[in-house]
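Just one chain follows, in the form predicted alone, and it is written as structure tokens.
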Amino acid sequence: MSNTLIQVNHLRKSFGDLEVLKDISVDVKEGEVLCIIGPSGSGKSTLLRCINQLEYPTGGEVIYKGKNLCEKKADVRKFREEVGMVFQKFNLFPLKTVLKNVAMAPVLTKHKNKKDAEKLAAELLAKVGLESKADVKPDMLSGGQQQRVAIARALAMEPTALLFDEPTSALDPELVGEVLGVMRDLAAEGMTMIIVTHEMAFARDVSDRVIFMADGYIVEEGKPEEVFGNPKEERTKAFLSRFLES
């Protein structure tokens, strides 16, 4: 993990008078799993959306492979082809089969041969344990299954990294494990991932590094055993106290 893939420098984001991100700097290396934790409203999802340029930063830089995505000439479309994003809501196309949902983007954006794209889609559905659901529509699936399809769809673009914005927060508790299981497998395979999550046990077990955010700042960061086992900041201790006692 020697090469920095994504670098955030002094990032700020305001919505009117509300400053949501206040001087955020962090880098992510190739093959690293970075988990971002913190209370609701701390700016975690906004940070992810600024990295992806779904929100344009008020100030600062997002550097990808040495190029600043915040410059007007930046090729944001190419970045999004290479860095996939999985949202809280699955955003699947309801009238298309699961297989076609996964195969569509490589055909449309990478001009991949349809037959090759569907072959890859079938392989990815097998990877997330849904090969038997290839020909059904999304509304026939559980929330956990739909989110696994969304992950397969992101993987179909053969990304260099994946961004996850609280991917289990919309799921019933009994369905969370199946999605986290797929993400654990991706981490084990060396996929670069930035994950905003409320799943503390997952963040502790899977991440290479953890960031704790509050009030638009990075309050603490470090290896998971440091942040969870011996947090330095009182705000971190207070947030983790219920988890650490369980």
Partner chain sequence: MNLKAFSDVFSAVIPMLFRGLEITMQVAVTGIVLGFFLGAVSGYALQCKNKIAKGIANIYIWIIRGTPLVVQALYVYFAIPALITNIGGERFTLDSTLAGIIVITLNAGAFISAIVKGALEGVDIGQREAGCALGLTKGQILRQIVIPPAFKSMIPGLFNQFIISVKDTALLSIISVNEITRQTQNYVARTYNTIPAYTMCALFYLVLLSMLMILQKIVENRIKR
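Treat the numbers as computed from the prediction; the structure is a model and nothing was measured. Positions refer to the first chain, counted from 1.
Below, we turn to the form predicted together with its partner chain, even though it does not appear here.
Chemist: Do Lys112 and its partner chain come within 4.5 Å of each other in the predicted bound form, heavy atoms counted?
Modeler: Lys112: no contact with its partner chain in the predicted bound form.
Chemist: Heavy atom to heavy atom, is Leu54 within 4.5 Å of its partner chain in the predicted bound form?
Modeler: Looking in the predicted bound form, residue contacts with its partner chain include Leu54, since a heavy atom lies within 4.5 Å.
Chemist: Just to confirm, Arg49 within 4.5 Å of its partner chain in the predicted bound form by heavy atoms?
Modeler: The answer is yes: Arg49 has a heavy atom within 4.5 Å of its partner chain.
Chemist: Evaluate Lys73 for contact with its partner chain in the predicted bound form, applying a 4.5 angstroms cut-off between non-hydrogen atoms, and reply yes or no.
Modeler: Outside the cut-off, so no.
Chemist: Suppose contact means a heavy atom within 4.5 Å; in the predicted bound form, does that hold for all of Asn91, Leu95 and Ala105 with its partner chain?
Modeler: Per the other structure, all of Asn91, Leu95 and Ala105 touch its partner chain.
Chemist: Since the chain is shown here on its own, which stretch among 117 to 125, 169 to 177, 141 to 149, 76 to 84 would lie within 4.5 Å of its partner chain in the predicted bound form, judged by heavy atoms?
Modeler: Residues of 76 to 84 come within 4.5 Å of the partner.
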